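As structure tokens, one chain now follows by itself in the form predicted on its own.
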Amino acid sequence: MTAVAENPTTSASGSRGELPPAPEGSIAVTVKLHRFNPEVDSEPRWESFDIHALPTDRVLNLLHTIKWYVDGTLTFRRSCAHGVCGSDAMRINGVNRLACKVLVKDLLASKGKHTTITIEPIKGLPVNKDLLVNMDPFLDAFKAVKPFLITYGNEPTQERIQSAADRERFDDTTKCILCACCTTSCPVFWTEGTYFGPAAIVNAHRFIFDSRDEGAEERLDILNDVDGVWRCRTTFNCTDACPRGIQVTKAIQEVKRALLFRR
């Protein structure tokens, strides 16, 4: 751990942490956090922490520093910390990102001005506490599109062979890690929580265009619903937010086209 606070900051419980000295080459930054504890807060609030960080530190390092050394009540979700699991999706300076993939040096203010990094929970999902959201609505939409291989008839006597060209057809949408960055960047999802959202459509796309799958018609019928693909307004927020570089908007348009022409 390299990002530390120069001066102890009073935590929500009123205690102060014992902090190691700031490392050589570090800079002072302010981390402005969206806080909400349902046990004591009637409304969300903002709390700022002045700490030191190296330019190569990740935003997740800053959150660890605050939680481990300053305020142990801070709550957020993370797992692998290497951009694979998708657990630590949050709004960083107003943009959906994975905290483990964003470097401090990419957030520094210009012309030597003091840097403030604002961190909020992703939008459109209920906030359980601080940066921790309830993922159930997101996962319910994911499960609703049947994101698994569907086949009929007898099981084959050998593996299902697929050409490289057939595999390439849906390669992009296999990269989804269910971080919810795309779905919670969508204005339609913010205002109308019944919309399936980009991530569910991306995962439906992954099987609709899989040559081994026989359930495309079922998924297309599901996505032809009032809360399906036709709610997309093509704002490209989802594509911009995806940490895996998936062409989310393109996938949604391909599903729309499949509905019109039934593949």
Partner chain sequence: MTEIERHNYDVVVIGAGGAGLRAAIEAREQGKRTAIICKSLFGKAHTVMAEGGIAAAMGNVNSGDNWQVHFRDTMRGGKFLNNWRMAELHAKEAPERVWELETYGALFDRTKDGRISQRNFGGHEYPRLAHVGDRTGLELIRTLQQKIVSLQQEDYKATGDYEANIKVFQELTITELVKAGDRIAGAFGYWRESGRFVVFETPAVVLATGGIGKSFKVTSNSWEYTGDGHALALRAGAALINMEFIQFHPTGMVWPPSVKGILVTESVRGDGGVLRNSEGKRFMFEYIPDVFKEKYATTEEEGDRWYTDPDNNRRPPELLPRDEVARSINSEVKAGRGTPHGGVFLDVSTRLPAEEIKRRLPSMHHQFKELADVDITAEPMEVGPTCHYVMGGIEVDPDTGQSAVPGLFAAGECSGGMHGSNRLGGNSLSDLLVFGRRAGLGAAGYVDSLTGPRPLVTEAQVSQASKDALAPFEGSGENPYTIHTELQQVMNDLVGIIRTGEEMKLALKKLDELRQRANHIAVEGHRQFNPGWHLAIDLRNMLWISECVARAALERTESRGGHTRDDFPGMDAGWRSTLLVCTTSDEGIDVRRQDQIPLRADLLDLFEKDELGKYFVSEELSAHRAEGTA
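Residue numbers count along the first chain shown, from 1. Predicted model only: the values in this text are computed from it and were never measured.
Not on display, but discussed next: the form predicted in complex with the partner chain.
Heavy atoms of T56 reach within 4.5 Å of the partner chain in the predicted bound form, making it an interface residue. Of the heavy atoms in T118, none are within 4.5 Å of the partner chain in the predicted bound form.
Residue contact check for R212: one or more of its heavy atoms lie within 4.5 Å of the partner chain in the predicted bound form. Contact annotation: Y195 falls outside 4.5 Å of the partner chain in the predicted bound form, judged by heavy atom distances. With the partner left out here, the partner chain still marks one of 43-51, 25-33, 233-241, 62-70 in the predicted bound form; by a 4.5 Å heavy atom cut-off that stretch is 62-70.
Taking the partner from elsewhere, no residue among P137, W190 and K250 has a non-hydrogen atom within 4.5 angstroms of the partner chain in the predicted bound form. Contacts between 166-184 and the partner chain, taken as any heavy atom within 4.5 Å in the predicted bound form, involve R167, F170, D171, T174, K175, C176, I177, L178, C179.
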